[in-house]
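Starting off, we have a lone chain in the form predicted on its own, written out as structure tokens.
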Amino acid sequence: MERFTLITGASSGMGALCAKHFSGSHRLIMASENLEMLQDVLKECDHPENHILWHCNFATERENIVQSLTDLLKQHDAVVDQYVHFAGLTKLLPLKTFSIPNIDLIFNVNFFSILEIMKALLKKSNAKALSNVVLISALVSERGNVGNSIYAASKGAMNSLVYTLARELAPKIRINALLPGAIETPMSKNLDADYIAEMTKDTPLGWGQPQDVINYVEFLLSDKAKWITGQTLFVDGGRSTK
């Protein structure tokens, strides 16, 4: 069986850049709800013939994730040894305006999809292969942010999962999370000007680049991090010092 690295949220943003970065050295399973965008990213990857696309909507198809991933692995005679979760969803709103559907969608993508994916990867057919999990959390899970309460809570749940699964899955499987701060992405350019100014002021090293996060993903997936598990690591240009 061929071993693959699973990267969710691979159709855009940091997930897409991460897929391109690893495409020359890893066989990838690239996951997203947007198949067209995923196909466009694949065209920019090295050795596109080596990679698999997984089309699944984590926001609305939570109950199908385990079966969908299990079927995909069986179809391609593949196993996943490394899993990186970039998939994420947020909506900036005061808590009083959130509806139950809003909350469900955010938690489905940011937290519950991880549980379902892990259930699939810990099945007997794949469990012996899985060795490393990196989840992309967020600085707001620890420091908070006005209007981002549900997103922060979903990422906080992710952090708690890291702490507990690190003990449950050791010593075979390592699991860690990265907590990025202000990262320049196409989405960040559309943020409110006052918010951008505040983030700039509060970040001693200024805004980060996606590669700053990807470098840490690469480190955590490597043997150089073989004694690191259960950690939530700030990658935030010093903003957490405030």
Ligand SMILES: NC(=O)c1ccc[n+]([C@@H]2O[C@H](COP(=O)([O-])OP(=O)(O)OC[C@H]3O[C@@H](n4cnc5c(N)ncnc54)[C@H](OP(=O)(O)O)[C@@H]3O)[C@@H](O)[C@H]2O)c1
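Worth saying up front: this structure is predicted, and the values here are computed from it rather than measured. The first residue of the shown sequence is 1; numbering continues from there.
Quick note: we don't show the form predicted in complex with the named molecule, though the next part is all about it.
(request) Go through 52 to 60, 66 to 74, 169 to 177, 22 to 30 and give me the stretch that gets within 4.5 Å of the named molecule in the predicted bound form, heavy atoms only. (result) Correct option: 52 to 60.
(message) My question is simply whether residue 14 lines the interface with the named molecule in the predicted bound form - judged by any non-hydrogen atom within 4.5 Å.
(response) Contact check for residue 14: yes, within 4.5 Å of the named molecule in the predicted bound form.
(request) Indicate whether residue 86 is a 4.5 Å heavy atom neighbour of the named molecule in the predicted bound form. (result) Yes.
(message) Taking the named molecule as it sits in the predicted bound form, is residue 215 near enough to touch it, meaning that at least one heavy atom pair lies within 4.5 angstroms?
(response) Flag for residue 215 set to no.
(message) My question is simply whether residue 185 lines the interface with the named molecule in the predicted bound form - judged by any non-hydrogen atom within 4.5 Å.
(response) The answer is yes: residue 185 has a heavy atom within 4.5 Å of the named molecule.
(message) Only one of 109, 150, 117, 80 gets a heavy atom within 4.5 Å of the named molecule in the predicted bound form. Which one?
(response) If I apply the 4.5 Å criterion carefully, the residue I get is 109.
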